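A single chain, nothing else alongside it, follows as structure tokens in the form predicted on its own.
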């Protein structure tokens, strides 16, 4: 007779289970959780050993839940949400109201940080901190109250869309004035940065969406920078063209530090979303931040 373990499996195995189930990919779940694919595979195997049955199968469509996994998923998601809420209530019962925000490096540096002083000045009683990461934080359970994610397709649970981004190329005004009428992209390097895969700011994909042919340019020959701000600094100094999302260069375009150098543009498949647990929207500091950021994100009249 098989003896099953007692107690509860490790929390990270449950988080890995819900991430793989949601994304249908071990690789994407690893990126989402900021761990290696091997770690996710190990955590799923650990949970399957604990339960005593398979939770996932791989087929031509990718990773799919087994009937056992399908039956388990709603209960695990609900249990994690209940745990998040309980921990959040305990934390919020102590001291002054806190607001913990999680967002990506690009959105933090280019959009949120320049504006956040306004919120802090209007609400000095709220202790605000920002966690910068590519991993999608679990609200509350990761000590996070509000998350701002880049996501495509349907809105996440408890999410509201913040942006209506387009993707286009920018450069320094001096460089734009020297561009020829034709083949302008060949006149300067195409700049890149190391985190581009998280925002899908890929020159080859963008060019292919517009022209359907991406074989005429060297999309990987330009210099690559460590961060998005470093790439933009180089772009402002005339080092080449940068592919951007409109929300990330709003201030630069308004100040004339960068200009749109070509007419070509595509509506992005990914948009920034504000994610708040529905049960927490009426908490004073979260309600205030939600109202503030939605107002800030409104398109200029």
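Keep in mind it's a predicted model, so treat the numbers as computed, not measured. By rigid core we mean the largest C-alpha set that fits within 1.5 Å across both forms. Numbering follows the first chain given and starts at 1.
The same protein also has a form predicted in complex with the DNA, omitted here; what follows describes it.
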| query | the DNA isn't shown here, but in the predicted bound form, which of 66-74, 27-35, 237-245, 259-267 has heavy atoms within 4.5 Å of it? | reply | 27-35
| Within a 4.5 Å heavy atom cut-off, is residue 39 in contact with the DNA in the predicted bound form? | yes
| said: Is residue 18 near the DNA? Define near as a heavy atom within 4.5 Å, in the predicted bound form. | reply: no
| query | For residue 43, is any heavy atom within 4.5 Å of the DNA in the predicted bound form, or not? | reply | yes
| said: in the predicted bound form, does residue 22 come within 4.5 Å of the DNA, counting heavy atoms only? | reply: no
| Going by heavy atoms, what in 47-61 lies within 4.5 angstroms of the DNA in the predicted bound form? | 54, 58, 60, 61
| query | Does residue 23 move its CA by 2 angstroms or more between the shown form and the other one when the core is aligned? | reply | yes
| When you overlay the rigid core, is the Cα of residue 271 off by 2 Å or more between the shown form and the other one? | no
